[in-house]
Ligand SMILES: Nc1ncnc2c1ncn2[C@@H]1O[C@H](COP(=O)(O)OP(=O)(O)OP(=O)(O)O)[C@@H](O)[C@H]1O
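Listed next as structure tokens is one chain, alone, in the form predicted on its own.
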Amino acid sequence: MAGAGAEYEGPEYGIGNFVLLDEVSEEGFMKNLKLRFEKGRIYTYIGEVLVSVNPYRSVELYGSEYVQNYKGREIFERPPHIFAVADAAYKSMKRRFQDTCIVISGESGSGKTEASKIIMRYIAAVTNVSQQQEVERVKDVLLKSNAILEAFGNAKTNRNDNSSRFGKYMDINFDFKGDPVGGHINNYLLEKSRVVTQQKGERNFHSFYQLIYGAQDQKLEELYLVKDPTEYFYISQGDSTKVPTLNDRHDYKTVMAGLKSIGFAFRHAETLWKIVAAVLHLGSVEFAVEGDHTIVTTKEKLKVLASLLSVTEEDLTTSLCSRVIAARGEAISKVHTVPEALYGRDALAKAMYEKMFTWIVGRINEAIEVQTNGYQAGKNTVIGVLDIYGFEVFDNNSFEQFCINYCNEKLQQLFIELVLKSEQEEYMREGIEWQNVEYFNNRIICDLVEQSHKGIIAILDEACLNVGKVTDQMFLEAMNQKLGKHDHYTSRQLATGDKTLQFGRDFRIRHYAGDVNYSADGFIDKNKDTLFQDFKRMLYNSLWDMETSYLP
């Protein structure tokens, strides 16, 4: 586009607000959406709800001219835009002195994370009035934290080159003048299984590749790494170590600058990358059976890993190859089988990475926490921004996609309750003449997952209580027995003619956004999420205390 003026002075294509459509039908809705998208109009309203279509390219819609054209305007004064929604939330918060929230929902790859960043940049731009040093610092932290969280929490999937693999809810606190004075980030459900396995075409978290491609040769030597991701099992399973749309070398420098700007000590930044390197080396540790014992066959990797973890090789070997269990009031050492040793290795890698990510979020929160000096406690208002996983359907869907899609069901239920149900109930209370709009209420799907005693989660938790006695296949059979008559659940045993489901392994849920086949394999282990206590004891006095400060 030539500039902001083209958007405001040019013609408006189609209908900018779907509530004004002459024909309320799916065909009419999609036709209008397609027309607007083809003419460069990626935003359309449904009342005060904004529908956006990801163009998968850079668009000139977010410059300073656009900020000024939406700043202080009522939501329908200008063509549909995400700035209008952000401004409406900001004005509502400031005028009524009440907390507001912006909820971002959509499929994986639809642009939710980018939308949350656009909202943050807009709020930072329109609150640039007081020029107070603390206000400017808070805005700087809020913006620069994005690069850090994306590095350690985002990854390439088959749907999106920069997909958020965690849910994020951010509160931005404002003083009575409407200036940002702090904030807080809550992170949910980091997809830590990605640390140890990826599907074809996908990558691990960006941080691994940023370190490999971006760090100087001297730093890689200190961490015993080589500049070739294919050398490391944990980051090469997807056969997609390079992504054309990402510049890992540049992003590494951006993350380092962000860490420094936010206030991370140099030793903290160094330790973060040391943890990333340790996880990489851990993935290369291999085992074999020798007599009655399981041994580590990659002795050099063991030596490197012990050095990075600041533990002895003996303690590391013992923790990897055996575990202490309580039996009849005594502590007994049990030697791992090779599969058990591999399971323990992967559990340790996932736990280290998750602890590190949680620590990063905590340090960012410390940097942006509301300072009470000069501000009256309890007088601040908040704008909340929710950016959570999008609905996912992959070739192979496991426990992770089940949790993600359940979150989306709950988010859809919230949307139905707040927008569709409450709106029509208000019309009824006020006696307004209107035509009832039929809609699907996905409460039935939420109940399928979460209902006490007979929902999928309850059945899974019950299976996890019987350690060693219940397999994933038995868990699937229990679901078939208890949920076989549910309209939104099926499996190959129940639908014998459906060859898209594998017998004794898969089940299907009819979600509001579409059908998803899940593999029950691994559900019990992933739900238990067991980390052997031996690893915690080993690391308790190491470089990272996993139970307290975690970093020096």
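A quick note: this is a predicted structure, and the numbers were derived from the prediction, not measured. In this text, residue numbers run from 1 along the sequence as written.
One more form of this protein, predicted in complex with the named molecule, exists but is not displayed; see below.
- Proximity to the named molecule in the model of the complex, defined as a heavy atom within 4.5 Å, singles out one entry of K350, H336, K112, H206, which is K112.
- The single contact residue among Q401, S145, N160, Q210, judged by any heavy atom lying within 4.5 Å of the named molecule in the model of the complex, is N160.
- Shown alone, this chain has one stretch from 499 to 507, 53 to 61, 27 to 35, 518 to 526 that lies within 4.5 Å of the named molecule in the model of the complex by heavy atoms: 53 to 61.
- Though the partner is left out of this view, G183 does not reach within 4.5 Å of the named molecule in the model of the complex, counting heavy atoms only.
- At least one heavy atom of I118 is located within 4.5 Å of the named molecule in the model of the complex.
- The named molecule in the model of the complex is approached by S164, whose closest heavy atom lies within 4.5 angstroms of it.
- Although the partner is absent here, D346 lies well away from the named molecule in the model of the complex, with no heavy atom inside 4.5 Å.
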